[in-house]
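Take a look at this one chain, the form predicted on its own, written out in structure tokens.
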Amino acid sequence: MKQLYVAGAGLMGSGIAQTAAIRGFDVSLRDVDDSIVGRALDSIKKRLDSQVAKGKLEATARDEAVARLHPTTSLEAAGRADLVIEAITENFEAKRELFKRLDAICRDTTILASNTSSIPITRMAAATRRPDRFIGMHFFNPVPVMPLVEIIRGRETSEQTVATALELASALGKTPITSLDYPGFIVNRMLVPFVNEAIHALTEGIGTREDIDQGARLGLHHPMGPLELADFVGLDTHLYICDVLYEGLHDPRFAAPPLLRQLVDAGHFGRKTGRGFYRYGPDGGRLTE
């Protein structure tokens, strides 16, 4: 397997494409607009330049990786891929429509994978004619740094497809874990109640946002506090995952805290909008208030 197609050139898609290109894969990186794909390629180049400047990457390896990246707005380019990774917005209808179109374009042997963090794999696979060659590959942000990939098997996913996804994850330098297609998979099943409890603690005045995050960093040895993490992931994304998990499990642990929904209603999504539980500058750095 050498030809990958990444649908979605946002933060996750560009991170997946960068990681794959560094590891020797030819990667078509697709989005709906040339300007979006262009910005993604510029961001990848800057990250690779930074690695070269720090002595973590040879300049020749950077140049070879960039040469393996093929920005495109064409869906038809997926017809050449051995495996397609979808990394668009976390919205079921948008993903289903994309997979229906990809299914009609891709070769019968091509595997379709979704980077979803919460949407059922079986439900998306049902929109295609290849549910046995459909799988979840949930990468974590920032993709070039985070070592984990969740491999999620749908109800009809074949063992060969699972084996191929595991092999690909390892070839990308990641450590894979496997999960059944159950709401939240493994990581978000644990993470969402943790973040929600932090939001409830803030709402109830048990501690300040700084104290809550510091407690997680120093007391639980987490690299980032739960409120910081929610801002980093995106409060809109966290809210969507809460709603998917609550719909699937009807467990109050997964119900979105009112403060979270209020912030999203106000348009405060975290780092990407400059305001969430904290405020952020144009460079994404946290501002003191």
Ligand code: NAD
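Predicted model only: the values in this text are computed from it and were never measured. All residue numbers refer to positions in the sequence shown, first residue = 1.
There is another form of this protein, the form predicted together with the ligand, and it is not shown here; the text below is about that form.
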{"query": "Heavy atom within 4.5 Å of the ligand in the model of the complex - residue from 103, 82, 90, 181", "finding": "90"}
{"query": "Non-hydrogen atom contact residue 122 with the ligand in the model of the complex at 4.5 angstroms", "finding": "no"}
{"query": "The ligand contact in the model of the complex: residue 13, any heavy atom under 4.5 Å", "finding": "yes"}
{"query": "Partner contact for residue 166 in the model of the complex: the ligand, 4.5 angstroms, heavy atom", "finding": "no"}
{"query": "Contact of residue 203 with the ligand in the model of the complex (heavy atom, 4.5 Å)", "finding": "no"}
{"query": "Proximity to the ligand in the model of the complex (heavy atom, within 4.5 Å), stretch among 206-214, 138-146, 104-112, 151-159", "finding": "138-146"}
{"query": "Heavy atom contacts to the ligand in the model of the complex at 4.5 Å, residues of 218-233 in sequence order", "finding": "233"}
